[in-house]
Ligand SMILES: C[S@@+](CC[C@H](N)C(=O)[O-])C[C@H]1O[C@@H](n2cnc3c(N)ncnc32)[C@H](O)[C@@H]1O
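One chain is shown next in structure tokens, namely the form predicted on its own.
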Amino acid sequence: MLKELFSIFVPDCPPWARELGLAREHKAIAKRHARVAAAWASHLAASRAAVMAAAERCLKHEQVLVIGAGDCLDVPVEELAAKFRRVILADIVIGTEARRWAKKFPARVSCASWDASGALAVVAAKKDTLVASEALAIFKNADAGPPPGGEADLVVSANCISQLGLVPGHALPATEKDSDLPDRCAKAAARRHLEWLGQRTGVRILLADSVRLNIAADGRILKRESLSERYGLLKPDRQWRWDLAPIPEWSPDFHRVHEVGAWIFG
């Protein structure tokens, strides 16, 4: 009984995912959402609406794959389950909410522990001895392989592309001497993920940060960083703002705001 109760609150993931800080990051996201849920509401609603817009483009509605499902905050699971015969919620860390959706719709919704970068098991096994060039080569050349469950009519990359290499990069001892390494790992993993998405046969939607902003309390933009340009992405089909961390969540001096894009292919 205690084991069952414990499993409800503990995310399911491989041991190496904990070594790379991914379970900790999953919990941090859930805690931040609990603190600033009102600030996130419009972003999550816009994400879910974009996913359903992409679903309307599908000629068949057999299967949808959601990459980076997490706790499904930005995923319209119930609507997808009503439209598709099978919904696969994929992530390295399978959270409580994803498992609850699978339990609620056991015939249609399932969870898959899966690494969209294809690199992390190798990175974790070698992390203590990896130098920067080796880590980057692993991310650049990794192959995530076939999608869990096979090719899908709709593939959703749900606000995870910028994180695929970033969090693991911070877990590498090599970062102590090379503070830019996590960002370079993030860029390499993101570009490889885009290549992987381009090989899919169904409709694909990419939800991703396009711009990161630090905004002062008086509205002045203190810092602006474009992410979509570094990944080689054109103008998104949809775009909106995400009040990721209002003052003082990230800093007492500025709000952290992301401009989020939705790119629909196919």
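Remember, predicted model here, so these are calculated numbers, not experimental data. Residue numbers run from 1 along the displayed sequence.
Keep in mind that the form predicted together with this ligand is missing from the display, and what follows is about it.
Shown alone, this chain has one stretch from 98 to 106, 175 to 183, 130 to 138, 72 to 80 that lies within 4.5 Å of this ligand in the predicted bound form by heavy atoms: 72 to 80. In the predicted bound form, none of the heavy atoms of Ala152 sits within 4.5 Å of a heavy atom of this ligand.
When this ligand is considered in the predicted bound form, Ile29 lines it closely, a heavy atom lying within 4.5 Å. The shortest heavy atom separation between Leu120 and this ligand in the predicted bound form is within 4.5 Å. When contacts are judged by a 4.5 Å heavy atom cut-off, Trp196 does not count as touching this ligand in the predicted bound form.
Within 4.5 Å of this ligand in the predicted bound form, a heavy atom is found for all three of Asp115, Asn159 and Gln163.
Taking a 4.5 Å heavy atom cutoff to this ligand in the predicted bound form, the contact residue among Ala142, Val93, Ala124, Cys111 is Val93.
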